[in-house]
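Coming up is one lone chain in structure tokens, specifically the form predicted alone.
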């Protein structure tokens, strides 16, 4: 039975998940590169570690959510990283969005230490992480998955098992491909509606009920009309994921022509200075090209 957990990476997603682990009553150790993010957890009873290696000692389960493959390289494989502190019998879960090849490399390294490993990225953003409403995918040994499933149930509303390591990481990229295309479709559609002189509140009234509706389109569309680009999922991270998808699809010779258009617009929006805003700020690159601003009247 898992009682002691360490969580590494207390960013937008990790902080919400770590908070829910504390609320669930687990003995929690935290580590974050920026030590300021550790303080709220320390005040609520978590132990703060001074390195990834120290964070994973004497716990049953190691969990982490990191920004990119480079961060995984440093925190997992680096000097004083997780692998230098983990022991046989422990389980590690990478909840980051990374290439499947990265997950397979992690699995091999943990196996040499006698530890089990799951790749378990999530769908959802800041609110879902805070509310324990994430959609979680997991891949790795079935018995390891069954051991950690009760923990994951404190973080998400659904959990989907994908079999062998790397498959959950692959599903995350498949899902993020769909998300990127939806966000681009929303941006292009709203700019076109603005250029056509349509009332955008009425446009969103159709988006809410038509057969192409989705929570992503509705939520982001309403925020765009209010010019609210506060960050749930940063535009620069969507660009990072688009590049991962491009690399992954290339390795499989799977065509992604639509994503290449999205990636170009993401790059334009980042160049214009909107990288730290929500991914919906991709519309700002299109607005500049069209000479309009999309907002409710």
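Numbering follows the first chain given and starts at 1. Here the structure is a predicted model, which means the values were calculated and not measured.
Beyond the structure shown, there is the form predicted in complex with a small molecule, which is absent from this document and is the topic of what follows.
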message: Taking the small molecule as it sits in the predicted complex, is residue 188 in contact with it (heavy atom to heavy atom, 4.5 Å or less)?
response: no
- prompt: Is residue 61 close enough to the small molecule in the predicted complex to count, meaning some heavy atom within 4.5 Å?
  reply: no
- request: Would you please decide whether residue 66 lies within 4.5 angstroms of the small molecule in the predicted complex, comparing each non-hydrogen atom pair?
  value: yes
task: Using the partner position in the predicted complex, report whether residue 47 sits within 4.5 Å of the small molecule, counting heavy atoms only.
output: no
message: So the small molecule isn't shown here. In the predicted complex, which residue out of 156, 124, 100, 81 has a non-hydrogen atom within 4.5 Å of it?
response: 124
query: Tell me which of 268-276, 229-237, 246-254, 53-61 has residues with heavy atoms within 4.5 angstroms of the small molecule in the predicted complex?
result: 229-237
message: Since the partner isn't included here, can you check whether the small molecule sits close to all of 10, 14 and 74 in the predicted complex (heavy atom within 4.5 Å for each)?
response: yes
